[in-house]
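The data below hold one chain only, encoded as structure tokens and taken in the form predicted alone.
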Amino acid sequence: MNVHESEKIAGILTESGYVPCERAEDADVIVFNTCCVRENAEQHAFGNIGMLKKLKKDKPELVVAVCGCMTQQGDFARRLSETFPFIDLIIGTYNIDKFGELLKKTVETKKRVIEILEKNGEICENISPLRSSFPNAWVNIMYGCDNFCSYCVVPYVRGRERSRKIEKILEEVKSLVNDGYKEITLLGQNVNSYGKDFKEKGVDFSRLLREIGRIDGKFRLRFMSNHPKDLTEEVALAISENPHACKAVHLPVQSGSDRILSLMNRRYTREKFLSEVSMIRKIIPDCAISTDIIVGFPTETEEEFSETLSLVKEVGFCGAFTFVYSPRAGTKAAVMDGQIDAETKKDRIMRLVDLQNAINRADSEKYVGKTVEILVEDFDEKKKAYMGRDERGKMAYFPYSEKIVGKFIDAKITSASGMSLIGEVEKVKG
């Protein structure tokens, strides 16, 4: 989501007459688009902003701007302005569409501009992103979140759920396909909630998937993220019936313990999650299911962590984003008793990662000798090979003498290297 928002900011800058540059020393404007979901993201932001102090001193006309989730949280805007007096522009998440005019204001007045709105307004549809991820493209279908998981700051910095009109989404997807993009990823904090804020009935995520399925052209469709409490059989059927939809679902479980899930305010149980996994695999055979997992949540016992490990083994996730719990100011979990010490969290995350890596390696071995369709995404200079993924999200590397980024190919997998595949091109399909 932040990658795509950065594309939107780049689009606004381009329309204002700026062009991208590679080195900070050559820039007239440097923008930090921040995240506050995890503590290390904030630390990185502060460290990188601080590194500009000397450059700003040597080049006072340089405009340094900071936006994104971090600026919207509590008194962070004030902290930023006091810690880094050389920052020229600070805006929040609700007025990103005003970035161009606020930048112009700070350039013309040579004065700092800080504008943090307290409430989100209407969804802005007039920003043309400067896309940087070809052949992949990101499409927001909704913004904000109504779930208020006890560890998560997103509802406080991104606001309540707001869905884009289905006509606008379809128009954007059609335009991207016509422009040659081969993989479209629909974005939302909880895509299964799409349309719930509409007065009009019958517009939901399953309908959106079916409408996109009617769009002509050769492209893949992905989406993230799903919330297990809202995943329905109708959505699974819509995926299975969509000729573009990948056989891949990202379904964040977060924990295998019912007590921890309750403390997290996830509003589903281990049993319900496992029943949804069974439902998905019944309707979408060979579907790859990936997940998110948090370890070291307040009061988590060794036995409860073991329940997470056992769930990972039982499901056999094709991949997992694993995180050590870090307190976020303003959330309920941050003030809970029983915060877990760093050593225990480190030990648990390492055991979880080792388990998931073993599952990934075993999954990779199953590919050897098979021919799979790959969308070529980039060229790896170090490996001197092209790279791309199959519809299940498995990464493969293969040599080829011609430029094929953005093309679908058939690749025969000759070996597996850890979690990745090694193959050779059998056919370039275009």
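What you are looking at is a predicted structure, and each value in this text was computed from that prediction instead of being measured. Numbers follow the displayed sequence, beginning with 1.
The same protein has a further form, the form predicted in complex with ligand 5AD, not shown here; the description that follows concerns it.
Student: Have a look at Phe76, Phe99, Tyr143, Tyr151 for me and say which one sits with a heavy atom within 4.5 Å of ligand 5AD in the predicted bound form.
Tutor: Looking at the other structure, the residue within range turns out to be Tyr151.
Student: Please tell me which of Lys383, Lys370, Arg38, Arg361 lies within 4.5 Å of ligand 5AD in the predicted bound form, judged by heavy atoms.
Tutor: That would be Arg38.
Student: Can all three of Gly256, Tyr268 and Glu307 be found with a heavy atom no more than 4.5 Å from ligand 5AD in the predicted bound form?
Tutor: Result no, not one residue of the spot touches ligand 5AD.
Student: Which among 115-123, 162-170, 273-281, 290-298 is in contact with ligand 5AD in the predicted bound form, heavy atoms within 4.5 angstroms?
Tutor: Heavy-atom contact with the partner occurs in 290-298.
Student: Should Pro252 be classed as touching ligand 5AD in the predicted bound form when contacts are defined as heavy atoms within 4.5 Å?
Tutor: Judged by the heavy-atom cut-off of 4.5 Å, Pro252 is in contact with ligand 5AD in the predicted bound form.
Student: Please run the contact check for Trp138 against ligand 5AD in the predicted bound form: heavy atoms, 4.5 angstroms, yes or no?
Tutor: No, no contact at 4.5 Å.
Student: Would Val324 sit within 4.5 Å of ligand 5AD in the predicted bound form, counting heavy atoms only?
Tutor: Heavy-atom contact with ligand 5AD at 4.5 Å: present for Val324.
Student: Can you tell me whether Arg328 touches ligand 5AD? I mean in the predicted bound form, with a 4.5 angstroms heavy atom cut-off.
Tutor: Result yes; Arg328 sits at the interface with ligand 5AD in the predicted bound form.
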